[in-house]
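The chain below stands alone and is given as structure tokens, in the form predicted on its own.
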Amino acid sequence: MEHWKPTPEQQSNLDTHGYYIARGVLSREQATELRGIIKNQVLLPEPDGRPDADPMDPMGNSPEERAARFRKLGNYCITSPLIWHTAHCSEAIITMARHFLGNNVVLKFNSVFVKPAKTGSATPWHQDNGLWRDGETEPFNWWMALDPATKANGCLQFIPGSHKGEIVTHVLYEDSIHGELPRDLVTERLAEQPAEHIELEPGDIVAWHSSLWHYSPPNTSDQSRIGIAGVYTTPELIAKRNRNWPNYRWCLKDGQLCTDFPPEPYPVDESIQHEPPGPFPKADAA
């Protein structure tokens, strides 16, 4: 594998703002092919992975309504050979992860994020490690656009520099879809530092620090927005901090790309597992 390193501009942006963008990691044709696989999967009555229903979706059963049903397909990407080899375990992306994590890279999280035109809902402000609650700050996190991601159709937003702070306790409101940053803190932070909108073309990637505050708004436009995401870790970090996540898969072992499919699970030592955290506290009790 070739060695990759960020450009001076990418490294500067990662250090100061908490993220960088890599353009054209996949070709537009490759991105379109992956998008087609996902669209076909979403049309099925029972998609693979762990479908996460969109609270804005009418949940009808026609093909058109099924296409608007889900906001996320969790852990789907390790079940699709083309997505696995083209994205999550591709040389193009693993060379980036290798720069930050070394010669042994394990996939920790993978997902498809779907924001259908008109019905795609928001993902609340959060830190990734605020949701994981396992103490990790090192992993390499990325999101790839398969459709154009724009302000109009709900692209990611980051609060630049927020990765330099602590991991904030996430809470649940009555209308929360998962744990989120306390909304009063978000309002205060945005008054100090406006969010940056991450507009991407198909095949572009944004990668960020696990503590960076981020969000995506509803999609009220006529253009759908599909993206895929991945998070990597290492055997050392797993042994040091992690509990037994079900998604662990080898991507890079001793500097060699893992090309087998299905992806090889990473075996977790039962003796080092940490107890999973309890429920997120309610906002009014935090």
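Counting begins at 1, following the sequence as shown. Just so we're clear, the structure is a prediction, and the values are computed from it rather than from any experiment.
There is also a form predicted together with a small molecule; it is not shown, and the following applies to it.
Give a yes/no on whether residue 237 approaches the small molecule to within 4.5 Å in the predicted complex, heavy atoms considered. Residue 237: no, not in contact with the small molecule in the predicted complex.
State yes or no: in the predicted complex, is some non-hydrogen atom of residue 163 no more than 4.5 angstroms from a non-hydrogen atom of the small molecule? No - in the predicted complex, heavy atoms of residue 163 and the small molecule never come within 4.5 Å of each other.
Does the small molecule come within 4.5 Å of any heavy atom of residue 170 in the predicted complex? No, no contact at 4.5 Å.
Wondering, does residue 258 line up within 4.5 Å of the small molecule in the predicted complex on heavy atoms? No, residue 258 stays farther than 4.5 Å from the small molecule in the predicted complex.
Taking the small molecule in the predicted complex as the reference, which of 126, 85, 118, 133 has a non-hydrogen atom within 4.5 Å? Looking at the other structure, the residue within range turns out to be 126.
Choose one stretch from 75-83, 88-96, 193-201, 211-219: the one whose residues place a heavy atom within 4.5 angstroms of the small molecule in the predicted complex. In the other structure, the partner sits against 211-219.
Establish, in the predicted complex, whether 143, 225 and 229 all lie within 4.5 Å of the small molecule, using non-hydrogen atoms for the distance. Heavy-atom distance to the small molecule in the predicted complex: all three under 4.5 Å.
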